[in-house]
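Shown here is one chain on its own, the form predicted alone, set out as structure tokens.
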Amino acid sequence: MDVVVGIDIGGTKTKIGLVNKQGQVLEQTYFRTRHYPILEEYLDQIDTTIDILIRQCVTPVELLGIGIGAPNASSKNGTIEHASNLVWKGIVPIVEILQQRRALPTKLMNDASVAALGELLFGNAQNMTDFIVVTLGTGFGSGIVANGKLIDGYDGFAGELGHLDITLGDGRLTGQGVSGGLEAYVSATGLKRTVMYMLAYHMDDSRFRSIAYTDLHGEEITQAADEGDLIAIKAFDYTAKILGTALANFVAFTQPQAFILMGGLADSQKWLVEPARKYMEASLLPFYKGKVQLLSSGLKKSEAAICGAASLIWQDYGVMEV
């Protein structure tokens, strides 16, 4: 059976799986990225993990290639460059090194862009030509498909919408040091920061008045909102307004049929997604109103990143013209 290795490199976890042509993840596992601060030892662990997954398959498999999604990844250069949340600094030529270890086609792309490619091949965008995937996790990622083509840009770094300045340079810093960048407001981290802001700005009683920032988690904010905590509700509404307004701005330059939201924060439909839809619709130009959908990912949450990475290779095998 032909399979592709899909690798999702995150600041906390590296997820690896074997994916067939139908987008099914046959075997998968993960290990802690930060446990391997030396690049060669990290790549040794990738090699070992791939071999283990192959042995676990009931049916013998043949590897067709390796697809990798990572932050700050250049699809054109095969490098990870100056990633703020990874332990290896500078420019990391990861594709070149992996191909020296395994004589297989190996491709790399920004993690949110491969998420968009995964949706195009295997998810909710299979019949779409124009859409934007937005990943709402620790940060804010985006992958843009226009006219049926993934937009990766001149140097492979297109789609960094999370670092657009929404405050004219007078706001919170993103992980890349952008003042007023969108992801500093619309992300799990941004939501936590907004809770702290609301505590300082409003006098409402809240469970968060006795919780330190470092002990605060996104799931707690959702639970508090469900229980009527006014600080949590105000924090979500503030976040949803910024997200909805930003999405309306994005519509103006590619006119997507849909935004596909994924990541932990996107699970909060009642408090984030539905209000964001309202704010987006209110901000759209008249000729865009009623035309843009907000959808959830069509991929299993535990498999989406791996499928997206694998799609970098599968797109070359006739799964879909992209």
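What you see is a predicted model, and the numbers here were worked out from it, not measured in a lab. Just count from 1 along the sequence shown to find any residue number.
Beyond the structure shown, there is the form predicted together with another copy of the chain, which is absent from this document and is the topic of what follows.
Asker: Using a 4.5 Å cut on heavy atoms, which of E220, D229, D237, D152 is close to another copy of the chain in the predicted complex?
Answerer: When another copy of the chain is considered in the predicted complex, the option within 4.5 Å is D152.
Asker: Using a 4.5 Å heavy atom cut-off, which residue among V95, A188, L161, M198 comes into contact with another copy of the chain in the predicted complex?
Answerer: Selected residue: L161.
Asker: Using heavy atoms and a 4.5 Å cut-off, decide whether I166, F253 and F287 all contact another copy of the chain in the predicted complex.
Answerer: Judged in the predicted complex, I166, F253 and F287 all sit within 4.5 Å of another copy of the chain.
Asker: Just one of 202-210, 112-120, 128-136, 95-103 has residues with a heavy atom within 4.5 Å of another copy of the chain in the predicted complex, so point it out.
Answerer: Single hit among the candidates: 128-136.
Asker: Is there any non-hydrogen atom of L108 lying within 4.5 Å of another copy of the chain in the predicted complex?
Answerer: Heavy-atom contact with another copy of the chain at 4.5 Å: absent for L108.
Asker: Taking the shortest heavy atom distance, is K76 within 4.5 Å of another copy of the chain in the predicted complex?
Answerer: Contact check for K76: yes, within 4.5 Å of another copy of the chain in the predicted complex.
Asker: Report whether the minimum heavy atom distance between Q257 and another copy of the chain in the predicted complex is within 4.5 Å.
Answerer: Taking the distances in the predicted complex, the answer for Q257 is yes, it comes within 4.5 Å of another copy of the chain.
Asker: Check whether A146 has any heavy atom within 4.5 Å of a heavy atom of another copy of the chain in the predicted complex, and answer yes or no.
Answerer: Although another copy of the chain is absent here, A146 would touch it in the predicted complex, with heavy atoms inside 4.5 Å.
Asker: Can you name the residues of 91-115 that have a heavy atom within 4.5 Å of another copy of the chain in the predicted complex?
Answerer: Residues within 4.5 Å: none.
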